[in-house]
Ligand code: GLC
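Presented below, as C-alpha cells, is a lone chain in the form predicted on its own.
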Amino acid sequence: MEKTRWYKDRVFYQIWPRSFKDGNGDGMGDLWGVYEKLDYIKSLGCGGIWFSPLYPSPGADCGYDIADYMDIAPEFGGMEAFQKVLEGAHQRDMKVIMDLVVNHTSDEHEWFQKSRQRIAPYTDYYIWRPGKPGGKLPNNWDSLFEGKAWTWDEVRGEYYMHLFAIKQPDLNMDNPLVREEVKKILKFWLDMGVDGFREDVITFVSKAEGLPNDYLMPASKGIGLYNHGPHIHEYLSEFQRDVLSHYDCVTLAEAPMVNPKITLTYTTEGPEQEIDMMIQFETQCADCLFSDYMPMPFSLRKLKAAFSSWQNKLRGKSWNMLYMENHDHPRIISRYGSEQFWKESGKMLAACYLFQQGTPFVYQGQEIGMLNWRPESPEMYEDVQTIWQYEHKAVNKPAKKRLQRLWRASRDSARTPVQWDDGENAGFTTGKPWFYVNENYRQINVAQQEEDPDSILHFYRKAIQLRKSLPVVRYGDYQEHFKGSGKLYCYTRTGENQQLLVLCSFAGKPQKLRIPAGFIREKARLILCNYQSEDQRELRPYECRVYLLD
C-alpha cells in the first residue's frame, strides 16, 4: 500500500492514561475519561492522539511493563472503552497511535513465566545467561533504572537481562519466533483500526553479538553495545515489509543518544525507509548532560544548536517529530522557562517549536502550563527510576539536597493528574486520586483558562491554528539568526509566497529588539504575540512574536 503522509499535516496530543481523566470515579484515569474529553482535544487543533501504554500491566513501570499486548487493561475500561474512543476519535477526524513496547515485557507475561520454566517454544524468548566463575554477572552492563542489567532467576537457574526495571526482562529479538510475535501485535491493532505506533526504545532491540563487556562508558555501561545494534535495520525492515507497508499507518521511534546522521539511516524517505519519524533527546538536553539526573545550567545556545541541527539536516530527506514535553521528562516551564514569568514563558515555549518543520506533539497539561511537582517527602514518589535514584545516588548529600534533586529531575513531575478545574482533586476524579495532585491546581487549570482569552490554553489554540493554515510552516526553508545570542532564539521560515519570522526571548529582563537583515518588518503583520501590545524597541521578559510577510 502506498502510504499517504497524513501525519505531516497534524498536531498530536499525548495522553498518559493514568493521569488524564477518570471517568468512573475509581481514582485512576481511564478511557471513559478520554472519551469525555475528545472534543476538548479536538478544540486544541489536534488531529491525533498518542496513547502511552493501555495494556494489562502489573505497573512496575506505570504500564511500560506489559503482561498482555493484545488487550486493554480493565482499570482503563477494557477493550469496549478503547473501541469507543477509537471510533469517537475517527468520527472527529483524529488518528490514534499506540505505544509499542517490545524491547521488554513484564516478568509476569506468560512468555516469561514459560521461558523461565524452559517450556517450548518460549525457552529463548528472553536473554538468559549463566553466571561467570566466581559468581560474577554475565557482563558488566548497567540497567537504566535499577542497578546492573542482570537478575538471577531461581526457577531457571540463570540470569536474565533487563535494560530497565528488574520486572522488565528484555526480549530476545534475535529469535525469529519473537519477531513473529511482534508482527502479530502490529497486525492485531492495525486491523482494529489503529493508525500507527510510537515504538519504545526500539533501537535497543538488537544487542551486540556475544554480549561483550563495555570498557568505554563510565556509566550506563552497555548502551553503546545495544543501541543501534548489528541487526536493528534488518529487524525494522522485516516489520515494515511484512506488516506495516500493508497499512496507511505512521511509526515514530524513540531513540536515546541519536543524532540526525544516525536518524537518516532509519527515516530517509523512499523504498528503504524503516521508520517515519524519530523521537530524539537532543532538544531535551539543554539543561543536562544525557540525563535529567545529570543537571547543568540551562543553555539556550545548546537548545538552539539542537533545534537547528535537526531542522537543517533532515530537510528534504526526512521528517521531524517536534516536542517540548512528554511523560519521561519534567515540565518544560520549570526547566527552560520561568515559573516567575509563568504565562509569558509558557506561551513563548509553545511558539519556539510549533512553527518549525515537522509534526508537533503536545503532552497533556502542557497546553495549560502545568509545572513541576515538589512533594515534601521522597516517599511520595511513585516512579521506579526516581525511587532508585533516591536510594542509590547522591546518598552522601543532605536529605534536602537529595529531595531537590528529585524535584529537578523526576519523571513524576509530568505525571500528576491533569488539572481540569479548581474543585476537589482538580476535577480529575470524584474518587481518591491514584497519585498526588499538584497543589497549584487552583491557579492553573483548564476551566479557568477557558474563561481567560489571554490564557496559555488559548495561545496554544491560536498557534496551532496558525501553523495549520500557513503553507510556509510545512514547506518553507528554515534559517536561524543571531546564533551567538544566549538570550534570543530567532528563525525564519521562507516559502514561495510567504515568510515567517519567529522571535523568542529566553530572558527574564527586557532585551533589545533585533530583526534579521533582509526581513522587512514594516511590511509584515504581527500574527502572534504573548503580550497585548508591540514595543518597537525591545522584547519584554520571555516575549515571543511571530511575523508574517506575504
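As the structure is a computational prediction, the values presented were derived from the model and not from experiment. Note that residue numbering follows the sequence shown and begins at 1.
Another form exists, predicted in complex with the named molecule; not displayed. Remarks below refer to it.
J.: Is every one of 325, 363 and 464 in contact with the named molecule in the predicted bound form, taking contact as a heavy atom within 4.5 Å?
T.: Looking in the predicted bound form, the three residues 325, 363 and 464 all stay beyond 4.5 Å of the named molecule (heavy atoms).
J.: Heavy atom within 4.5 Å of the named molecule in the predicted bound form: which of 304, 411, 343, 405?
T.: For this set of options, the contacting one is 411.
J.: Since exactly one of 426, 201, 368, 332 fits, which has a heavy atom within 4.5 Å of the named molecule in the predicted bound form?
T.: After the contact test, the surviving option is 201.
J.: Closest heavy atom of residue 186 to the named molecule in the predicted bound form, within 4.5 Å or not?
T.: Contact with the named molecule, no.
J.: In the predicted bound form, is there a heavy atom of the named molecule that lies within 4.5 Å of any heavy atom of residue 51, even though the partner is absent here?
T.: Residue 51: no, not in contact with the named molecule in the predicted bound form.
J.: Could you tell me if residue 254 has a non-hydrogen atom within 4.5 Å of the named molecule in the predicted bound form?
T.: Residue 254: yes, in contact with the named molecule in the predicted bound form.
J.: Contact with the named molecule in the predicted bound form for residue 227, defined as at least one heavy atom pair within 4.5 Å: yes or no?
T.: Residue 227 lies outside the contact set for the named molecule.
J.: Would you point out which of 23 to 31, 487 to 495, 508 to 516, 57 to 65 contains residues with a non-hydrogen atom within 4.5 Å of the named molecule in the predicted bound form?
T.: Stretch with heavy atoms near the partner: 57 to 65.
J.: Can you list, in sequence order, the residues from 152 to 169 that come within 4.5 Å of the named molecule in the predicted bound form, counting heavy atoms only?
T.: In sequence order, 164, 168 come within 4.5 Å of the partner.
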